[in-house]
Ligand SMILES: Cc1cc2nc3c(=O)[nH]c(=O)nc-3n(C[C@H](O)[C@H](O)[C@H](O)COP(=O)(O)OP(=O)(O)OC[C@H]3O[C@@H](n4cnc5c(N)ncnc54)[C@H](O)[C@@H]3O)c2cc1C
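Quick setup: one chain, the form predicted alone, written in structure tokens, and binding and motion questions come after.
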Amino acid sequence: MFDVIVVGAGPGGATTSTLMARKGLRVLMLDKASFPRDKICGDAVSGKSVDALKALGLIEHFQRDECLGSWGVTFSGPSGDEVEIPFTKALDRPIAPGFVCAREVFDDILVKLAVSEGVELRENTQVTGLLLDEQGAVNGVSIKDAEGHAHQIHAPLVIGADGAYSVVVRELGLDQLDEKHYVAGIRAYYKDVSGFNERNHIELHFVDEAIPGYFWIFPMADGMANVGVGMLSQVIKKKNIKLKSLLDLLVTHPRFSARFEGATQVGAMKGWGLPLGSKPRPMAGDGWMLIGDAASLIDPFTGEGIGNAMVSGMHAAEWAGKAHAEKRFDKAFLSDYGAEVLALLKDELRLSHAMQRLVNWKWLLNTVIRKAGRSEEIADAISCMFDDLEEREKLISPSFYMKVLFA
């Protein structure tokens, strides 16, 4: 009945499903949840995601009340110095270069687009396993539907888009967790946090208690804020850190307590895991492909995963079209999909991993942030790192830091 089965209807799964349907493929998209649904996340939508939304023809949907345009980022170092960095100097453009949008809203828009393009969506459906043909190639999935009934559904190609705790990854027997390349995060929503930049900058704060991770405060629509902290699982285990206690500590920290004096926490703290792109998983094999968090493509420095999920989904859709045109669903053919995505992202992921390690040098972090507040050239270098790999390369170069130290 189907040409492709997509497991997971998040940004990556919905993006690839939409684009495959536009190619005329019969697509089934499965998700264990019912939309709209919450998804634990920082809710920040990067410039890379904005480009993907434009390609899908969706960008106007994010100029609505539930989505807040963001024009920059504010960094602070362990010493308390702050610097405000715009994402762009073109502050008169009609569409913000980034957004903060609750995943309950963001994902629902993408899912509705996929359904409108002809994708069949089955919600409240749990994928329980993969089906294999006589040669051991994946050719479908076993599921439990909303009524608890078991079924088998066949397709020559299965795409795993089911996130950090991917059932597809588990069933393939791929690596699940490497603490050196895995971050644990926790977030809470707050109402009426004060002190945000007038252009709705997202905020990344490097605080002694949270290094080598960071504390974030992201402004949202309707006076809400996404507040959280993330850290490498290896460090959490070594130092026996309790993230809930750490987030409570940071909200009442002397640097931030005044901003939370009139604020109220809305709902419970929620935690999740982030498999980092510093160690991507294999992305394709006989009858299957992985995208987004399931492929372990999260940015090691920022922790942002939506952009790479959508980008990998766009490439997966192209390769699904090629696979059906060539009647080739074998590993030798589909592996070129993984090679293509990694060729696009490997430099970015490598540089972000290097920057993640630099956070351990607190004195250097303090110096860069303090001098970026005084030097337009240094501030520009940091600003450009968000979408210019050559500028990001400078940020791991010893010559850059020598220049900073003597600026």
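Nothing here was measured: the structure is a model prediction, and the numbers come from that model. Throughout, we count residues from 1 along the sequence that is shown.
What comes next is about the form predicted in complex with this ligand, which does not appear here.
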Q) Among 23-31, 65-73, 357-365, 335-343, which stretch has residues with heavy atoms no more than 4.5 Å from this ligand in the model of the complex? A) 23-31
(Q) Using a 4.5 Å heavy atom cut-off, which residue among Val50, Ala44, Leu56, Leu351 comes into contact with this ligand in the model of the complex? (A) Ala44
Q: With this ligand left out of view, choose which of Ala114, Leu274, Ala155, Ala96 has a non-hydrogen atom within 4.5 angstroms of it in the model of the complex.
A: Leu274
Q) Can Lys39 be called a contact residue for this ligand in the model of the complex at 4.5 Å between heavy atoms? A) yes
**Q.** Partner contact for Val127 in the model of the complex: this ligand, 4.5 angstroms, heavy atom
**A.** yes
Q | Exercise: Arg281 in contact with this ligand in the model of the complex, heavy atom 4.5 Å | A | no
(Q) So, Val167 and this ligand: in the model of the complex, are they within 4.5 Å at any heavy atom pair? (A) yes
Q.
Check for me whether this ligand, as it appears in the model of the complex, comes within 4.5 angstroms of all of Ile186, Ile291 and Gly305 - heavy atoms only.
A. yes
Q) Are there residues in 213-227 with a heavy atom within 4.5 Å of this ligand in the model of the complex, and which are they, in order? A) Trp216, Phe218
